[in-house]
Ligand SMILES: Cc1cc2nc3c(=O)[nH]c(=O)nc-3n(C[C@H](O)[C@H](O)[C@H](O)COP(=O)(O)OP(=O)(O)OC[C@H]3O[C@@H](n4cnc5c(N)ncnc54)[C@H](O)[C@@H]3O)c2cc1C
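Starting off, we have a lone chain in the form predicted alone, written out as structure tokens.
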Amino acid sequence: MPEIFDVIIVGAGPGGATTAWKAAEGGAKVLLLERAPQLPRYKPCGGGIPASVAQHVEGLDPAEFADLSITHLRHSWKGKDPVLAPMATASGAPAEVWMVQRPRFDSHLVARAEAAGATVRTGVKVGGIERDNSGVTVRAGDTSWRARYVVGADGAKGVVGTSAGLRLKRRYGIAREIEIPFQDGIEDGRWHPQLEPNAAYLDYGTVTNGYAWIFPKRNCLSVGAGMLLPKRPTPEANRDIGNLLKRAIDSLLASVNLTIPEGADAPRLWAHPIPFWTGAEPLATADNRALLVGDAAGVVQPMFGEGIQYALRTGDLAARCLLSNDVAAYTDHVRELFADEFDAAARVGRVFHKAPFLSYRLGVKNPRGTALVGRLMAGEASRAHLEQRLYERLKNPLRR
């Protein structure tokens, strides 16, 4: 007979590990399954988390997992016309974004889950789930487990969602990313010698419906480019998009006199999907046996592709619903938390990408616009405020 749990969670990324941590902390018998043969394991990801997430998920201490915190954004248009903008709260205090490396961050969350009593199994490739009146069976090869509930935290193209009939019409963007090592260690107070300290770099104009970035980490730079796609691309279009994103990365690096290292020790250029937020769709099955969190649920902010903080928050929310046997309300709770914010971000993104240069000059470079970004990072403003501000600027471009 298969071992029986209260909750089985498939995928040990931020959403799945947080669900496991919080559910186990609440007294549930939890099994966390991870496909990778061991942890830590690498995941391509920009790795920026607004510190305001600590207002929503208790117990996060950046000293335990963050490489550093940034307090400035350096914007540019096709590598030129740069502006360095501080991020600040309404009181004037710095608004921080934690910079994390996913192997360390995800392993930290898994360790929190194990410390709370969750069972963790790595090297498990889940093949599917089977639901019935009394629970769920999760199968991986010849092995199976039983639980009252299953949580799909297995990413944008996860097995759980497909097996449960959730997010079958999901759509994606595409990102390419590389991590470039450097010797000057941030741990002793030194940043990359060619970059602004305490700053992340964002570049617009080289990618349609997207942007390029440089996120500093300890002893490496996460450099990437991504775009949201209006429709599923053909294989040929995928190759063209991949080449476009690579050129955007090269362009941004060249603007700060950097290049991708070459030779036998050159770092790998990764590609990964970015799931769309597609609005009003169920994120739990009608029988309340299966639900989705994080990228599997498509809770990715659709303007900048930001996903980690929403994975953490849906993981925390899922655990609360599971512990209270209130899975039926999970989808509504997700919509209450994120729908207005994400829908506004999608509208702002469409306006921005229809007139990107004008939006850059009137919005991104404007001091009031950069101040609003800081309040967004601090959790003191919403994308709806950003939307209103953008419309005001487009109606009256001469207004300061």
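For clarity, every value in this text was computed on a predicted model and none was experimentally measured. When you see a residue number, it is the position in the sequence shown, counting from 1.
There is also a form predicted together with the named molecule; it is not shown, and the following applies to it.
K.L.:
Looking in the predicted bound form, any heavy atom of V10 within 4.5 Å of the named molecule?
P.N.:
Contact with the named molecule, yes.
K.L.:
Under a 4.5 Å heavy atom criterion, is V159 part of the interface with the named molecule in the predicted bound form?
P.N.:
So V159 counts as contacting the named molecule.
K.L.:
Is there a heavy atom of R361 lying 4.5 Å or less from a heavy atom of the named molecule in the predicted bound form?
P.N.:
R361 lies outside the contact set for the named molecule.
K.L.:
Quick one: is A200 in contact with the named molecule in the predicted bound form, heavy atoms, 4.5 Å cut-off?
P.N.:
Contact check for A200: no, nothing within 4.5 Å of the named molecule in the predicted bound form.
K.L.:
Can you pick the stretch from 247-255, 324-332, 78-86, 293-301 whose heavy atoms fall within 4.5 Å of the named molecule in the predicted bound form?
P.N.:
Only one stretch qualifies here: 293-301.
K.L.:
Sort through R41, R350, R368, H56 and report the residue having a heavy atom within 4.5 Å of the named molecule in the predicted bound form.
P.N.:
The residue in contact is R41.
K.L.:
Select from the listed residues A66, I70, L33, A345 the one whose heavy atoms reach within 4.5 Å of the named molecule in the predicted bound form.
P.N.:
Residue within 4.5 Å of the partner: L33.
K.L.:
For the stretch 109-148, return the residues whose heavy atoms include at least one within 4.5 Å of the named molecule in the predicted bound form, in the order they occur.
P.N.:
Heavy-atom contacts to the named molecule in the predicted bound form: V124, K125, V126.
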